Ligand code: IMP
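Presented as structure tokens, the chain that follows is alone, the form predicted on its own.
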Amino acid sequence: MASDRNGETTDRAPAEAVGTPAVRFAHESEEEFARILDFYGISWQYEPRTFPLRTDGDKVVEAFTPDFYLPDIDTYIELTTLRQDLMTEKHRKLRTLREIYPGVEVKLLNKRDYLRLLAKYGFGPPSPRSIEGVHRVLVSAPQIRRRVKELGAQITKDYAGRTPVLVGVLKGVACFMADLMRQVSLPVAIDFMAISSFDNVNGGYVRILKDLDESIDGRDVLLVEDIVDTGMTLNHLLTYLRARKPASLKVCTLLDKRARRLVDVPLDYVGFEIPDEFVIGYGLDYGQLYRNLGFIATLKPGWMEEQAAQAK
């Protein structure tokens, strides 16, 4: 909730996670593309496979080696320049490759196509301006999709034979709630609450702005959160919901910022544990912006201070 947070090669993990891969790129545009992939947390391989296009007996006389392979979307990428002679030759080779290897997906991209491709597959926004202020991607879109599917499967198993009520706390939970409930293979009911929270050293205060529409008396309730950090607001909510006498009450949170925990609260399902950083995206906002990003990211150092200064 907004008030409680702030030759064959191997797959390359994002550089932020393991350090920049030791790859010698043939052109600076390839290095730039690799940095973009790392930013979005997308696994990549550099020149992983050479496709023979024409042979003379046992000898390969023409071949094509795409620049990148993206395992997450099973697609090879060849980067282009603006030189017409080179582009014409690459287009010819690609036509031949697609004829010989019809099951292989290969895309020819120039620089302006980078973000367009990533947006199409849900990795990023449609334009660079949409991510102004973003420092780095903490949890990528594919990681979120995989984890939400796993959480949905576990909830389905644990609540077998029952009809749980999924209760979301607006607004930050919107994306997570929508995706999670579609991964639960059970009949479910959903409801939402909206709150205003003020945390302080004396325990904090929670005001209910929108209460539940349905009774939860005797029902199995799963409180769905976008993020839990200090735990103070969640603790108030759990006390409030227990007074409604549900048959059971559990918590599912997408993000757990354990480093800021002040109150020990039960978290039955956790998507990701994250460091003590202000995060945005996938429902989480800064000044009502960034909620529509498909990934979880951090803001650039000093960005919030700059925005506050400009608003004065």
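Note that residue numbering follows the sequence shown and begins at 1. The model shown is predicted, which means the values in this text are computed figures rather than measured ones.
Below, we refer to the form predicted in complex with the ligand, which is not included among the displayed structures.
Between the options Met177, Val137, Ile227, Val221, the residue in contact with the ligand in the model of the complex by a heavy atom within 4.5 angstroms is Ile227. Out of the listed residues Met232, Ile144, Ile155, Val167, Met232 is the one that sits within 4.5 Å of the ligand in the model of the complex by at least one heavy atom. At the 4.5 Å threshold, heavy atoms of Ile42 stay clear of the ligand in the model of the complex, well away from it. Mapping the unseen interface onto this chain, Glu32 falls outside it, with no heavy atom inside 4.5 Å of the ligand in the model of the complex. Using a 4.5 angstroms threshold between heavy atoms, Cys252 stays clear of the ligand in the model of the complex.
When the ligand is considered in the model of the complex, Phe278 lines it closely, a heavy atom lying within 4.5 Å. Here the chain stands alone, but in the model of the complex its contact with the ligand, taken as any heavy atom within 4.5 Å, falls in 279 to 287 among 239 to 247, 45 to 53, 64 to 72, 279 to 287.
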